[in-house]
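Structure 1 and structure 2 below are two forms of the same protein chain, each written out on its own as structure tokens.
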Structure 1
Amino acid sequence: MEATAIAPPKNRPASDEYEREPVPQRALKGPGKFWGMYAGEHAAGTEFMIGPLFLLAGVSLQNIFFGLLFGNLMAVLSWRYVCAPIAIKARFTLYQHLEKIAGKWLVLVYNLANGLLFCFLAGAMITVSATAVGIPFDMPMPTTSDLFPNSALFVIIVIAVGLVIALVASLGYDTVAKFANIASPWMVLVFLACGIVAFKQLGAGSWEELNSIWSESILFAQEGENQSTMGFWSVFIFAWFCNAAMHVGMADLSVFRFARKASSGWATTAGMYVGHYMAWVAAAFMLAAQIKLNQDANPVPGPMASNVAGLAGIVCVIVAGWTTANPTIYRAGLAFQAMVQTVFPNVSRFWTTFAAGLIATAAGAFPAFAWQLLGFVGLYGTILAPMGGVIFFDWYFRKRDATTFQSLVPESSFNLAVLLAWLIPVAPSFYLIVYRGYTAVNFVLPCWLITGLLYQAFSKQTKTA
């Protein structure tokens, strides 16, 4: 999982980030920068949760291996052929790009949705970190049946972790970003080492034995039921769209606007096959090993990592959670600041970021957000990715080119065609997901397509009128 870049603060002076202008030729970067960045950013604290959740959902090993192989490939292709080509031509952030199409007021609404979803994602990361911090304090670990806080100590540790993250993010997360870059090669190797140790602990000498041990783990975790709620296509779709907001949703326009060529989009291969393949499989093996050795199917990242890697595993969980929660809260703060500034122009980023941190901390005290991570990232993609459909259809069907688009003045400050095109598919999908229990990730692609098509249709009607 990765957090996305959104609106820059309005009071920030023009900087090397080119937040309010197209990235100039002299600031472009070669592909090497992107490979390292994606490998690190997708080795996040939430990876420790997602792999084990596959086991709990009863997914077969074969479906995990092949579903992730092809699903991640589709995600890479989405970055390479949907997001990167537009990014290297327009060279704007998502915020700037969308503002030219949808108008600044509608972008603010989008940012509010973005900011709130960021807070809940950061909340899950705080929960993950808290399970590692709680080990030396003998904290009773939350279980998958705990939707609410399971002990006062858990709440205290979540608040402590959350407040530190909120405060650091509010003060500016440059130091943490630097630390994240330094820690990421080590974190990737810890994930790999955890996977190797856990695989050895499973004691499988052949594919058949591994399959048999895996099935026994599922049987134990599901208390004798052995039912799979996810097949090949579910894993495939999940792997493809768990970062939908970033690729088809175009949030990574903000990243690839610095790329010399669209081929830099291939760099996402590092993130997908290191973070969303190796790390997920390693984390799934860690839970299977824990079940085999301790008869414990509780997928709590701290103890799982401690079992196979000791102190290094515990620190990795804390660092992985912390370094990804921090920028997530920072960006949520920026989104809230952009909203609040419409009423209170002088509101400081410190307080909006701190408020975002407090919301994330409150969410982190509810383990339900971490246990429901598979569903949550699907909901996140369903709500945010369709705006990428607007950008895609606008770019190709209106035959945009860099020069005219960069000088384009928004037709209105609140484009009703975009709002309707966004809400018509997303609102009923939200209802079906949240209130009727449908699988969220299945709605991403239909919503993206319908939003893009409706935007085309409504825009034509507006022009004709």
Structure 2
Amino acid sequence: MEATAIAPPKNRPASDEYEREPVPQRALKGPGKFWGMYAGEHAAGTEFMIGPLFLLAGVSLQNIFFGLLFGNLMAVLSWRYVCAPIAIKARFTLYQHLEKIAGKWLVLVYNLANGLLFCFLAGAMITVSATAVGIPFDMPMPTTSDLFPNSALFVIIVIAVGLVIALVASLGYDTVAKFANIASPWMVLVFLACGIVAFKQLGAGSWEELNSIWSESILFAQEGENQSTMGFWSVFIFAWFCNAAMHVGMADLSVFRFARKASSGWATTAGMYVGHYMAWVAAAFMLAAQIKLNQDANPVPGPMASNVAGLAGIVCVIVAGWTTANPTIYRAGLAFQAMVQTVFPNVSRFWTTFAAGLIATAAGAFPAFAWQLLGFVGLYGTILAPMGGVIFFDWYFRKRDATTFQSLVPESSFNLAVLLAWLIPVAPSFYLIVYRGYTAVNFVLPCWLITGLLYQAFSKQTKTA
């Protein structure tokens, strides 16, 4: 059953993003607005990086095909049945929703972490686009060993690309969705074409030949070791939780609050199977083809796409970086706005989003964020997703409904139960990931469940006291 949102004043400008109130009925959008956005966001810049990183990690083709098949299905179900139902009833952004539970001062801390981590992810996508923009200028390409900018030209191109992306994201959800809907159909076809051309360049006539060429590519990339650090379950869990902050972490409450029905959550299928399946495999084949033809295992997106699709590949990399960075910066801007509004209630979403774009641009000048994507997405999911567990358990175990939740006043400005529930599992997990080298994505689900359960236990104790 769909909730009736509270209507805002009639004189509210049409560009308002309803950051601190439920989205009204007149602003709701049909499923078409979401299919294009998710296809564009997830058949995008990260795909040019993650697919090749599977090869560098020594993952077998069988584990890639089946791990992604089932892992992506779990991600779609998480969006459809965990995130979207709450979004279309409450109609709030993640940040406003969480503020009603945790209080404005605790959410300020969370919003800072949320916004910065999203900026770093967007920065990696700016790096991806810059590697394509730099080709006509003979820009020295960064390598996997480059943690810092490798040339002044690279920094200049990153700044130019980042400013354009920041401006598009700052114009609001409609502009972000429109950009994705225009770009995604063409971009998906280029991804498919890149994969087909790369596959033909490999020259495999059978599954056995393809497996043999793939193993040789791994052997070359790993300088003769041919070791795998990821099996089926590793790929499955990565595919499920690489976007954990968005689905079980509830960041996409900010997106699906505009949906008429929870069934719009199925639109994420376009992102997962066009992007996180077809595009990842295509990008992995592109690196394998580059290794075979050029004896080069450097997974720089621009040159890889140029090798198989020429100018179309270069343009695809540029646009792909934009379509991921745009909604990511939009989310970061909402986080920063919610944070700043604690002190300055009238701060503009445009300027907080533009500031997020500038931070992302600065991060984009450091290639390390792009090269470490496999670990980074797991880390930011481990940090951010558990707050989604608080929202999930609060909504269902406290039997919330739209009317009561929309009028809910926070119990305190700093909910200690939420803070403890979040830190108890996340703090030791952060230590194990950063300082002991454990695989980050494996901690997402345990932290999510423990945080939700602890929140329920601590909240009951508080009420009893």
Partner chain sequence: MITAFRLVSLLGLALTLIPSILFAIDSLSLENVKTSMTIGMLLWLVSAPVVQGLKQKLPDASH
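Basically, rigid core = biggest C-alpha set you can superpose within 1.5 Å across the two forms. Just so it is clear, the model here is predicted, and its values are computed rather than measured. For numbering, take structure 1's sequence and count from 1.
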Which number belongs to the form predicted in complex with the partner chain, 1 or 2?
1
Quick one: once the rigid core is lined up, does residue 331 have its C-alpha move by 2 Å or more between structures 1 and 2?
yes
For residue 387, is the CA shift between structures 1 and 2 at least 2 Å following rigid-core superposition?
no
State yes or no: after fitting on the rigid core, is the Cα displacement of residue 145 between structures 1 and 2 at least 2 Å?
yes
Once the two forms are fitted on their rigid core, how many angstrom does the CA of residue 159 move between structures 1 and 2?
6.0
